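Next up is one chain by itself, shown in structure tokens, the form predicted on its own.
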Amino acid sequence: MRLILLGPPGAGKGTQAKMLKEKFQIPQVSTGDILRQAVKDNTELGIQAKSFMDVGQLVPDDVVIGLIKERIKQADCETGFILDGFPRTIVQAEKLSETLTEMGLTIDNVVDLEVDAEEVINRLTGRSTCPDCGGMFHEESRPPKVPGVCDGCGGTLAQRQDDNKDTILKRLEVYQESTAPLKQFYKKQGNLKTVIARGSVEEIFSRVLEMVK
């Protein structure tokens, strides 16, 4: 099973990806994680990526695609993978499709998590994450057992600097301009599935499962 998760900031892509990973025992492929690991391992593509990251520039699409290709060639991706946070633009989606076709692979389902702006603001302003294991919590819908402490690893929870209303609204604008058009791209390919991302994490996950079975 090969999946792509789409949705605006705060839609719950990371949370749903982790649950899908556990359910189907396939890896969650995050571009951020891949970039950090490639830089740490000092691979050829990692060195290229670092040269852009060090001067505050976006890593070019070709480099990111190369890193994704390297990652999904690994043994644990043989039975499938979940792409989380990529693609973000039509150009990236086209390059990804070309790369997968060259590898003899296709995306089975593209799950679009739909949520309105008011819900996104409420989620993100109350969100805290664990920098150690990536665990996510919310002061209302998913509070940690001990305030400020990750349930999973005991790390100290923190709020992202960009999880404030003004920045969130700007991120939503960027999403609508750059990423939302992907829905039409994948609709034409016939693999887009829309999930209303309201309610509890478990309720949303149940809807996602219905779409990807």
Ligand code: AP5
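Here the rigid core means the biggest group of C-alpha atoms that line up within 1.5 Å when the two forms are laid on top of each other. Numbers follow the displayed sequence, beginning with 1. Please read these numbers as outputs of a predicted model, since none were measured by experiment.
Beyond the structure shown, there is the form predicted together with ligand AP5, which is absent from this document and is the topic of what follows.
Put simply, I204 is close to ligand AP5 in the predicted bound form: some heavy atom of it is within 4.5 Å.
In the predicted bound form, at least one heavy atom of V64 sits within 4.5 Å of a heavy atom of ligand AP5. Contact check for V195: no non-hydrogen atom falls within 4.5 Å of ligand AP5 in the predicted bound form. Among heavy atoms of M136, some come within 4.5 Å of ligand AP5 in the predicted bound form. Only one of the listed residues (M53, I47, V149, L169) places a non-hydrogen atom within 4.5 angstroms of ligand AP5 in the predicted bound form, and that residue is M53. Every member of the trio K13, G32 and D162 reaches ligand AP5 in the predicted bound form with some non-hydrogen atom inside 4.5 Å. Contacts to ligand AP5 in the predicted bound form (heavy atom within 4.5 Å) from stretch 95-133: E119, R123, L124, R127.
Taking the rigid core as fixed, one finds a CA shift for P147 smaller than 2 Å between this form and the one not shown. Remark: with the core as the superposition reference, the CA shift of D62 between this form and the one not shown reaches 2 Å or more. Taking 2 Å as the criterion, L172 does not count as shifted between this form and the one not shown: its C-alpha moves by less than this amount when the rigid core is aligned. Relative to this conformation, a decrease of 3 Å or more in the Cα-Cα distance between D112 and Q57 is found in the predicted bound form. Cα of M103 to Cα of A49: at least 3 Å longer in the predicted bound form than in the shown structure.
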